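For reference, the chain that follows is the form predicted on its own, supplied as structure tokens.
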Amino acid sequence: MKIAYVVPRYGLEVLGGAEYGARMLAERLVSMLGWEVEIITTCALDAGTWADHYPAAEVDINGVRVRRFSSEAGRHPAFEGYSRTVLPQPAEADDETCRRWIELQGPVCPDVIDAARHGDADLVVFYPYLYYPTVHGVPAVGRRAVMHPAAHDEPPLRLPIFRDVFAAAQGLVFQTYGERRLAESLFAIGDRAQIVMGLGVEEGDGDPAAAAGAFGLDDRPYLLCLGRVDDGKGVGMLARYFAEYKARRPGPLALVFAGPVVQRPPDHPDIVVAGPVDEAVKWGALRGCTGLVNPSYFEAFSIVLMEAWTAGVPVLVNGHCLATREHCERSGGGLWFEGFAEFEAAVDRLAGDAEVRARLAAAGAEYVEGNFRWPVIIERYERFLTACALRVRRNAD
């Protein structure tokens, strides 16, 4: 079986997000199944600009063939302003407006589309739904197209152009049941092959004491927010809530933000902005924290929740996020909040009751073990993709 993935960027330096998910799947299709896998992508690294970073060339990354093509355009300076005129009422946008929005967002790379269309892969897998390579690539590839939408409830999903994109894919891979319900409420996809799958997780090494030392916390308890430090990820809200919590509940509890810093929260004596950390510090921090907090409204899956449960700690999530709340509800491994009062009550429970923490963590670990270990994921993915490829061959006969 030969599989081609089309993603807007790809590389070891791309951590988190849909492209990271695509790399995790691609590498395991090679290592666990022996399939031939190639990546068709741009030369971009920075999703904020889509500027060429890598050479336009073919390279091997962990056994996966990666073909990179230069883009004609990246993120246009006018994109944010144009979005403000389009996204308040996205369902009313005409075709020209939609296509203009996609092009201004970038990356505009027709060579990626041509490579996907003319390649010899049994299936071409597009990941995620939002960008030019998927919008133009899925219809171009036709029945060989499988899409991982990685969708959440956001205004662009309601742009009419995506009706044709979802309808053109013969197979759809969702990361949560909430994502599938959302897509089914917006698009006529009932006759498409579908699977709810998610991603796998593997535990890494890391010492809690070393991580606490790296953060300058020593023996202080702390909540951990892991990932991009960005207001778009709910970081500003979390910092405000935590500052208010500490004003009402003085004590040793700290909050650590660990990840690339896009928008730094205001300085506070109990908030540590650690910046990017390596895998050892990450896993040590997970094992040593009182709980992981993911405040983001917009998550398609949230691998950090699975990592926290694997490390043996509970989680606290934004109750407005379909994916993370679903994980907590289905697992019984975490709490959620929709405002400050609920945040305060949840932190009180996590910080003040070791028995509650242990019970939540155990439920989360059981959820991960049954659903999100790589052998489980790849076995289900193999069956799904094999069935999709068989339908392609039958239709070609």
Partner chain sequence: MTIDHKRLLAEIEEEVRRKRESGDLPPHLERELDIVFARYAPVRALDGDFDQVLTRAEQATFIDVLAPTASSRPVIPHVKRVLRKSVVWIFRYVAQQASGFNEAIARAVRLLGTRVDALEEATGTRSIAPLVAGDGTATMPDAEHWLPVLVDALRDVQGRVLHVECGSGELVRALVNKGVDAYGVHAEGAPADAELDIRIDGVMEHLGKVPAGALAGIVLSGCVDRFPKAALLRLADQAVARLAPGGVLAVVGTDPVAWERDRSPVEVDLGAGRPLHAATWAHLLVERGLHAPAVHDGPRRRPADVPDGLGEWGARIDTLLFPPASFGVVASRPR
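Residue numbers count along the first chain shown, from 1. Please read these numbers as outputs of a predicted model, since none were measured by experiment.
Keep in mind the form predicted together with its partner chain is missing from the figure; the text below concerns it.
None of 226 to 234, 73 to 81, 199 to 207, 131 to 139 except one has non-hydrogen atoms within 4.5 angstroms of its partner chain in the predicted bound form; the exception is 226 to 234. The candidate site formed by Asn318, Gly332 and Ala341 is fully in contact with its partner chain in the predicted bound form, as each residue has a non-hydrogen atom within 4.5 angstroms of it. Of the heavy atoms in Arg67, none are within 4.5 Å of its partner chain in the predicted bound form. Contact check for Tyr241: a heavy atom falls within 4.5 Å of its partner chain in the predicted bound form. Under a 4.5 angstroms non-hydrogen atom cutoff, its partner chain in the predicted bound form has Ala345 among its neighbouring residues.
Looking at Gln194, you'd find a heavy atom of it within 4.5 angstroms of its partner chain in the predicted bound form.
Taking a 4.5 Å heavy atom cutoff to its partner chain in the predicted bound form, the contact residue among Asp95, Asp218, Glu154, Glu92 is Glu154. The contact residue chosen from Glu184, Asp111, Asp122, Asp270 relative to its partner chain in the predicted bound form is Glu184, the criterion being a non-hydrogen atom within 4.5 angstroms.
With contact defined as any non-hydrogen atom lying within 4.5 angstroms of its partner chain in the predicted bound form, the contacting residues in 243 to 267 are Glu244, Arg248, Arg249, given in sequence order.
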